[in-house]
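Here's a solo chain for you in structure tokens, the form predicted on its own.
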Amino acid sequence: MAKKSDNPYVVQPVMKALKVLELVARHGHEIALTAVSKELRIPKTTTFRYLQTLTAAGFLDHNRTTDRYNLGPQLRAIARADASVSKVRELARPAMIELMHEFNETVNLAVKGNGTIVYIDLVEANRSLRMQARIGDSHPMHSTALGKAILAFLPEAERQRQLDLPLTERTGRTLLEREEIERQLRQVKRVGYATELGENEDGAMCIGVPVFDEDGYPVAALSISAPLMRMPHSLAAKAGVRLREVAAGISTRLGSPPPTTAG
């Protein structure tokens, strides 16, 4: 068993449960309770509780026939999600650099959180006035072009669950009326890209498009952000079309061409 941490904030039972999970993952195939208990030097009754808790949470799978444990669906889903995000970032990066040079504005890449989008990459323009987002930041889905681009193409039930979450007011222009948000999302689905005008950050504009995985699911979104004064309507429309083309290329390389749009 690993040395006990000197950090007073570490919850030791959680740490031990994670060690159990790590051991099962490293084992590579089904492993018995007694083997886990012996290798980690944890009493069998305690080990059993850890294994059953991890199984209930979906991180492990318990084969009742053999009474052995293996990796569960939740852990595999997390691994797939991490691999998917890494692949999207790798495929999108060259296109993001190209878009930044083409429009001389910041280009963002984000994925869906719980009612939010999380920035996983950005390429900043070399200009004095730039947007405030940073990698790792999370912003509401309903107030960002990135979020609207994802929301518009989510399965209906999932979209409604996202919109049922509390709607945060980021600026005086943030949309909070459900009916108006859903009207905008229908428009986004028709034209293939989303826009937001000062709804997430005062004085800023953003144009966003979805990126689809092999199942046709909006796994990420790509956007160009700029101060409103540098993004007139004609340039925003051009950016939307260009973003849509770039996202279609990334989606195709992920295995799923984006849905046909009318715009």
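Computed from a prediction, not measured in an experiment: that's the story for all the values here. The term rigid core refers to the most C-alpha atoms you can superpose between the two forms while keeping them within 1.5 Å. Heads up: residue numbers just count along the shown sequence, starting at 1.
Omitted from view is the form predicted together with the DNA, to which the following refers.
For the candidate set 230, 238, 44, 27, a heavy atom within 4.5 Å of the DNA in the predicted bound form is found for exactly one residue, namely 44. Although the partner is absent from the chain shown here, none of 157, 184 and 197 has a heavy atom within 4.5 Å of the DNA in the predicted bound form. Here the chain stands by itself, but in the predicted bound form one stretch of 212-220, 61-69, 197-205, 230-238, 61-69, has heavy atoms within 4.5 Å of the DNA.
Not displayed here, the DNA is kept clear of residue 55 by more than 4.5 Å at the level of heavy atoms in the predicted bound form. When contacts are judged by a 4.5 Å heavy atom cut-off, residue 33 counts as touching the DNA in the predicted bound form. A residue is said to contact a partner when one of its heavy atoms sits within 4.5 Å of a partner heavy atom; residue 13 meets this definition for the DNA in the predicted bound form. Once the rigid core is overlaid between the shown form and the other one, residue 233 does not reach a Cα shift of 2 Å, moving by less than that.
Relative to the superposed core, residue 36 undergoes a Cα shift of 2 Å or more between the shown form and the other one.
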